[in-house]
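As structure tokens, one chain now follows by itself in the form predicted on its own.
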Amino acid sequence: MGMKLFKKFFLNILTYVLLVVFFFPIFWLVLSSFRPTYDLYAYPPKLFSMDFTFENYVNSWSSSDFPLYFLNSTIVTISATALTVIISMMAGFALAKYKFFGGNAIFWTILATLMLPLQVIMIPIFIILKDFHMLNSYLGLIIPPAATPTGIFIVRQYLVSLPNELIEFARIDGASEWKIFWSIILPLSTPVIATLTIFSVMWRWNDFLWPLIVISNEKLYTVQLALGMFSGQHTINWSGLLPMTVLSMIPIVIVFIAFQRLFIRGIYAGSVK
């Protein structure tokens, strides 16, 4: 009994230590965003400052088009996430519950694409977008990354665990394939949909490389591209970069808090399968 209590105490201490280690940079970021510029360069560095100010937030927000950049990121993130969920659910359902020639080959081919980094395929995709006149547009940001092999894999693995009898009973009752998908599969898939939604929001909102390739019109900049404007060739505007970085983290935190219970259920369902 004493050894069990010691192990539990040790694991709790280790958990708190790791929590501090991982969250300290974020804590430092938030505190620094409220410090005046001269205090950011203080040596030795100070964790807390007596000069607490909102001036960095006010100046950064009002002196640039950050409301527009946040709007652009919101439009791209919501649209791309909706497409990712729909495409992944349909493809995952087909690969998990339908038996057809080449199904396994298609699934493994999709998985193989996970080994291809964006840097390998971005030039062909860029040429395709150029030919379709989709550069400097929302469509150029939304459509190419919509179908992700990771999303299809997550959905397929989850749907495999659902009993096939549910679909067979629905077919006996005369339900069409679309009816089965919308009325049975989707309601039972809320955990994996929440998981995929969180991942997709994180991918789209934090994406920097793809918008950098597709967008050259500043009016279509996303938040991540706008944050890059604070970094010059020789200097970095920390008093502007830090508060806007903090604000850019808020939507991700809100989405995770809203879907965290379903997210945990989705991860747990995939692990026990």
Partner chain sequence: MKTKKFIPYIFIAPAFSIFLIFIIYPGILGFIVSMYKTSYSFGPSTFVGFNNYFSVFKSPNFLEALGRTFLFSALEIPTIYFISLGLALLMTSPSVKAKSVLRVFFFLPSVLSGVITALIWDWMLNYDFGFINNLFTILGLKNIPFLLNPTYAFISLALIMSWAASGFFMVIFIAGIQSIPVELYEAAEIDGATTFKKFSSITLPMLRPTSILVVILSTIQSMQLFDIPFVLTGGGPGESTTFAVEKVYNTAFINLNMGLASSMSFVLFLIFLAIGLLQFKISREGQFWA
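Numbering follows the first chain given and starts at 1. Just so it is clear, the model here is predicted, and its values are computed rather than measured. The term rigid core refers to the most C-alpha atoms you can superpose between the two forms while keeping them within 1.5 Å.
There is another form of this protein, the form predicted in complex with its partner chain, and it is not shown here; the text below is about that form.
Student: Might P191 be said to contact its partner chain in the predicted bound form, defining contact as any heavy atom within 4.5 Å?
Tutor: No, P191 sits far enough from its partner chain in the predicted bound form that none of its heavy atoms falls within 4.5 Å.
Student: Tell me, yes or no, whether H133 is in contact with its partner chain in the predicted bound form, where a contact means a heavy atom of each within 4.5 Å.
Tutor: No - in the predicted bound form, heavy atoms of H133 and its partner chain never come within 4.5 Å of each other.
Student: Going by a heavy atom distance of 4.5 Å, is Q157 a contact of its partner chain in the predicted bound form?
Tutor: Contact check for Q157: yes, within 4.5 Å of its partner chain in the predicted bound form.
Student: Taking the shortest heavy atom distance, is T109 within 4.5 Å of its partner chain in the predicted bound form?
Tutor: Within the cut-off, so yes.
Student: Report the residue, out of A82, I121, L186, L71, that has at least one non-hydrogen atom within 4.5 angstroms of its partner chain in the predicted bound form.
Tutor: By the 4.5 Å criterion, the partner-contacting residue is I121.
Student: Looking at its partner chain in the predicted bound form, which residues in 126 to 142 have at least one heavy atom within 4.5 Å of it?
Tutor: Residues within 4.5 Å: F126, I127, I128, L129, K130, F132, M134.
Student: Is F27 among the residues whose Cα moves by 2 Å or more between the shown form and the other one after superposition of the rigid core?
Tutor: Yes: F27 shifts by at least 2 Å between the shown form and the other one.
Student: For P117, state whether the C-alpha moves by 2 Å or more between the shown form and the other one after rigid core superposition.
Tutor: Passes the 2 Å threshold, so yes.
Student: Spell out whether the Cα of L212 moves at least 2 Å between the shown form and the other one when the two forms are superposed on their rigid core.
Tutor: No, shifts by less than 2 Å.
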